[in-house]
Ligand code: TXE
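Heads up, the chain below is alone and in the form predicted on its own; it's given as structure tokens.
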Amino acid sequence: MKRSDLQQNARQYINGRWETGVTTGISENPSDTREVVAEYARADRNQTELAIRAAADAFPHWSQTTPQRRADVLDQIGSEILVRREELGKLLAREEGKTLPEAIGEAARAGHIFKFFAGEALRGDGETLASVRPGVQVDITREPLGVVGLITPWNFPFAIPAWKIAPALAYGNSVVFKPAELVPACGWALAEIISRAALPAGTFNLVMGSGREVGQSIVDSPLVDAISFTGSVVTGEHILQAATRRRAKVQLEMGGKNPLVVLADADLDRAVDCAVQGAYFSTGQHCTASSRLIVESTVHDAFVSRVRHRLAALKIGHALAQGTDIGPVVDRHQLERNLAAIESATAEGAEHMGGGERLNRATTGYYMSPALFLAKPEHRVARDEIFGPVACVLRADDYEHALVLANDTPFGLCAGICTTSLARAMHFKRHARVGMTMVNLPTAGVDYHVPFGGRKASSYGPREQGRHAAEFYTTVKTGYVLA
């Protein structure tokens, strides 16, 4: 393997110091598996417990700092991320496989998130009410929780950590941050920027390593007051059971099998654009991907024909190459799971309309062509989250049938509809059993200043992002005063 001249030695950040780990791991470039993106220190339970203890010791001081101090810290972090967004975007593209324009956009989004929560640190929240009893005043205030453990996934290695770390710090909590092992260089790069923001030692800590060692230590520690996790349903359910046994506060963002409904009155070119962007861009590796395309029967065949034409024109290649539409899958295991899901869908009777093959490119990487199926609601390809560039089309008799199909899933993150009918759009927004709806827009596109989250098996606990983040990262206190 060849080693790049960029990030080579990602270390833990514990109690204001950079530390080596117990073992060492490597991350590779999925666009060119010969390239080592980073060698990184891997922590064990003991090192994780040191980070947790440091965060617990730092919390009393940080929680009492002024809103201006917290705002200044977050603003500084956001400013540096924005200045360095192209450098950080290139690192992200190399380590995770997202195309360079998408990766730069994600880095910029992370910077804007820190800037947004710098403002939130100053705005605060509280109420003063008259009591039902004469001469009594009631104050309702929000206070930080304590130590917050943040466990983040590999598919958005800057944006998701940012929308967890920023509000945690803005509201006065201390942080123990565990990034996914597939993206340690991105986790380190973000931590390195945060380390220069004049935080008291121990307020922010980075621990890299396995979920079995590092993640479980965070979940089990009695010093960790709250856990925010984004990842798989299986892991999320395990965290929920383990953490709630000791009464820790839990926030989970997990899977999705999101529908995009296309009605007969839709602008078909716009609908195809929404479908292709939502289902296949970022290699389909995001929880908001519209992997179920529910199309009214009168436009079904025309829609499928146009989607196939668009997919055939997409350029799949190296994430850093100019003009690449879709980069590689993140690693070998994910590619194998994707290919197995395609074999399973074909064996089960879903009609394979093309794609789903492993591709060879100039560099050895985890490339595959985007796959499209015609499916029935009972097919696994229409029910299981694949987390790759794979989508299926379901035929709907009419709008009412399409709505039933859209809600026929254990997940409930987001749902989209393409239509020129305002009445149908408003009805869908009200009756889709999800946390977010999109009208004539791709499902895979959300703003950083508004709530993010779903229902059913997709999410648990308060929403992420925007002002609603305070619901998780703070606790409410009611105070009574006799005047």
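This one's a predicted model, so the numbers in the text were calculated from it and none came from an experiment. Numbers follow the displayed sequence, beginning with 1.
The following text describes the form predicted together with the ligand, which does not appear among the structures shown.
Although the partner is absent from this view, Phe229 contacts the ligand in the predicted bound form, with a non-hydrogen atom inside 4.5 angstroms. At the 4.5 Å threshold, heavy atoms of Arg247 stay clear of the ligand in the predicted bound form, well away from it.
Although the partner is absent here, Ile239 sits close enough that one of its heavy atoms falls within 4.5 Å of the ligand in the predicted bound form.
In the predicted bound form, at least one heavy atom of Gln216 sits within 4.5 Å of the ligand. Heavy atoms within 4.5 Å of the ligand in the predicted bound form are found in one stretch of 71-79, 117-125, 398-406, 172-180, which is 172-180. In terms of contact with the ligand in the predicted bound form, the residue from Val390, Ile294, Ala189, Met254 that brings a heavy atom within 4.5 Å is Met254. The contact residue chosen from Val381, Ile113, Ile151, Val272 relative to the ligand in the predicted bound form is Ile151, the criterion being a non-hydrogen atom within 4.5 angstroms.
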